[in-house]
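Before any questions on binding or motion, here is one chain by itself as structure tokens, the form predicted on its own.
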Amino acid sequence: MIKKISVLLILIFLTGPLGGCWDRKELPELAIVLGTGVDRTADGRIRLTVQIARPSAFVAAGGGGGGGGDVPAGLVVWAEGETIEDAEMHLETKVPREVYWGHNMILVIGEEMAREGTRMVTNFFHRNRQPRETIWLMVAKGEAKDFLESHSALEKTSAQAASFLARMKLGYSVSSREFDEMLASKGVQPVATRVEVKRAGTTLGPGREKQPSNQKQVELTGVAVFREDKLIGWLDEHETRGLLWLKGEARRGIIAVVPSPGEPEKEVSIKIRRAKTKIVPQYDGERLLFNVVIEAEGDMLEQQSRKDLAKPGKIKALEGAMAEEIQKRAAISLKKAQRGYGVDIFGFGDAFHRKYKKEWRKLKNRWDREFARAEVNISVKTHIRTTGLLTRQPYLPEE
């Protein structure tokens, strides 16, 4: 009897601290944010724009749970305030649910807001417990509000489309955490994905006739260049390729287009399989030199020439043209960063810090000036692994 009473008392004590689901939040009570935009208005206020998911639009037709394809997948709502928190408070008066940030995928900062500084934007998202540090940080050419109000022809919302484009990493993609790591380092200045809203192509009508599309969709069009947390300029898509090579972030899937051997008016497409970049600094107290070695492997996927490019001599020539193209892209990006903006966006300062720790303490507070006068030698080693399933085009005789 004593044992039974003891067991009963233990069970009572163990179940006492269990509070159950006292803080549960049901899905119908939440406004799930998919994308966020922050702009500076003409009168100096902060505009907070959110793209909110409509859960019923994400339920398959016939599933018994929602309206299917005719229901708009997202609702765009915006509000203004003196701070982001103030704007969020006004936003909540427009949304009849609790704003939930846990599924936010992208943070888009408008151009004017970015030129003023990003810290006042990211501070809110770092202090709030719900947003994740893995959200993609982007800078809009224009206003972030226009970006979130755009359409995606394939994805349900423009926020999902932009997030997927960032995950593919065909351009330069940076998360909120990675951007803050660059801000905290004196050896590299931050860069972020540049996004724009552009009109889509054409659609097929009922009779399969082509009709102009009135929809605008999101595109990644390069990178935004910062000094500290303030936007100072842009790199276009071609210059971004050079940035990727110099930062060692050229991922699989990047295409190098080079002239065909013996026929410079014809082109050859080479898909990068793997790549790596090594930065070796040299410093004697006055002269600052960086030797950059880029190694890349690729597969030939397309040729416009009639020649058989699988021959060893042709492959060697293609590798030389590929190396020249990569070197040219890297040099263009380097020149714009050194001469145009005067900021180290490649991480040369981090490489210098690792090798010259004592000297770094003297140079770190003026590193961008030192970088602007530094000499940089870029050498590229390339290797073409395969030429695909064809050697030459079978329906054209070799000349």
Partner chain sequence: MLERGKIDSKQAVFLMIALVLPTAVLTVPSVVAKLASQDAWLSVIVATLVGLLIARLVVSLSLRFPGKTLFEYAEEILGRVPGKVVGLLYIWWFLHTNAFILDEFGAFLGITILPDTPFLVFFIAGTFVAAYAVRSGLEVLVRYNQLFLPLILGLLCVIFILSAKDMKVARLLPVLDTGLVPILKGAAVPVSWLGENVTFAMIIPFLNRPKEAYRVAARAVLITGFFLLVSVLVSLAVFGPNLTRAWIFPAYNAVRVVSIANFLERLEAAVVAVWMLGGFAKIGVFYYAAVLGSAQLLGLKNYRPLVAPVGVILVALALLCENTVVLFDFLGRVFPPYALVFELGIPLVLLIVALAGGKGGKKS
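Residue numbers count along the first chain shown, from 1. For clarity, every value in this text was computed on a predicted model and none was experimentally measured.
This next part talks about the form predicted in complex with the partner chain, which is not shown.
Residue contact with the partner chain in the predicted bound form: K336 places no heavy atom within 4.5 Å of it. In the predicted bound form, the partner chain sits beyond 4.5 Å of every heavy atom of K271. Among residues of the shown chain, T93 is not one whose heavy atoms approach the partner chain to within 4.5 Å in the predicted bound form. Contact check for E324: no non-hydrogen atom falls within 4.5 Å of the partner chain in the predicted bound form. For the partner chain in the predicted bound form, the listed stretch (279-287, 325-333, 181-189, 147-155) containing residues with heavy atoms inside 4.5 Å is 181-189.
Put simply, of D299, E133, E263, D308 only one has a heavy atom within 4.5 Å of the partner chain in the predicted bound form, and it is E133. Of the listed positions (K198, H103, K316, H238), a single one reaches within 4.5 angstroms of the partner chain by any non-hydrogen atom in the predicted bound form, namely H103. If you check the partner chain in the predicted bound form, you find a heavy atom from every one of H126, R129 and R167 within 4.5 Å. Taking a 4.5 Å heavy atom cutoff to the partner chain in the predicted bound form, the contacting residues in 348-376 are H353, R354, K357, R361.
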